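First, one chain by itself: the form predicted on its own, in structure tokens.
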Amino acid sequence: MAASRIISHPHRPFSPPPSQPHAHSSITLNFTLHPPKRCRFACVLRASLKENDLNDKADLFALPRPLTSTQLSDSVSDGPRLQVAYQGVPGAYSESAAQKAYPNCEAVPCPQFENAFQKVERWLVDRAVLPIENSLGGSIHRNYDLLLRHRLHIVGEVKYAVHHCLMANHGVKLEDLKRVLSHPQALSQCEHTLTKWGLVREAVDDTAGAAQYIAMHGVKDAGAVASSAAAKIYGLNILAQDIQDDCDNVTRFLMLAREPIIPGTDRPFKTSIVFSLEEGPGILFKALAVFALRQINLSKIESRPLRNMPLRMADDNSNGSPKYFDYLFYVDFEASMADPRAQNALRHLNEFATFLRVLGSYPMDTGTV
């Protein structure tokens, strides 16, 4: 039996974009593959998606028409405000990023990243804005995994400059502090400064949550590393500002929606994909070459072990012991899916990739942070 591979996109990925939006926002394209090479991966992928199925009665694929680039922001005040999910509590950097992405939105806090994905899928909110990488701390691996497990589309990106502050309850001085609470990435971004002050670092779920805890419990021997907005919300005193070790501290956030965006060529676009490959000499080089041959710049590549079946068995010469991981490769390239170069690159990659999915083709954030 032949397996199938899924490429999700608002239009067929290897033909010019339509002049009118489709009635549905997602078209599933099935490609017949030759057994037995890809059957194993298809089974694993189906199991992974089945594991995450929702019990909602609504058909998740019966979605509205695809978005246009002018619908990305609700800066126009007409109509109801967009509800945008973010991870954390009020005062989190993610809340500020959501408000930058959608200036007139109603930001909706979620305790975990997965809750934000689920709220969008279940039509409880309109969008989600979630971090994907930081210039100092690197990639947010959990969100890469969730992008594959959920049926949302990347419709934009926003870059947000992070400015960490050390804060404490009023009357508490820096010399009174013995420890500091914050998200692990925030603590690592301020490592040298906190070490200089001799403060013990304690990790919590998010920066604003640390500020909330300090305020609610009236803690006198501990401070929090969070945003100035969090200090204002929770009534804390800022003891020091811009305490990050590097002043160029920028987090890139993804804007997620149920509907994909119709890609264009009127502005710089970026496309995000995920794919897998068979093991073999030079196979990754061959995959990346499909972009180099067409002068398409890759801005990001991230590899993640395949869930549910991370280890592949070795050949007979190694006594059947596990030899290496199966990987998924997440790639961002600087081209629109409306660009024939991008269409041809994916057609080429599709010839030997065991799995390929377009996560989104969306305008690049070229503004200042």
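What you see is a predicted model, and the numbers here were worked out from it, not measured in a lab. Residues carry their position along the shown sequence, with the first being 1.
Here the subject shifts to the form predicted together with a small molecule, a form of this protein not shown in this document.
The three residues 274, 327 and 350 each lack any heavy atom within 4.5 Å of the small molecule in the predicted bound form. Residue contact with the small molecule in the predicted bound form: residue 177 places no heavy atom within 4.5 Å of it. Remark: residue 156 does not count among the residues lining the small molecule in the predicted bound form, judged by a heavy atom distance of 4.5 Å or less. The shortest heavy atom separation between residue 102 and the small molecule in the predicted bound form exceeds 4.5 Å. Taking non-hydrogen atoms only, residue 183 approaches the small molecule to within 4.5 angstroms in the predicted bound form. Stretch 251-259 is the answer when you ask which of 295-303, 251-259, 169-177, 279-287 has residues with heavy atoms within 4.5 Å of the small molecule in the predicted bound form.
Note on the partner interface in the predicted bound form: the residue among 231, 140, 110, 214 having a heavy atom within 4.5 angstroms of the small molecule is 140. This chain lacks the partner; the member of 83, 115, 134, 244 within 4.5 angstroms of the small molecule in the predicted bound form by a non-hydrogen atom is 134.
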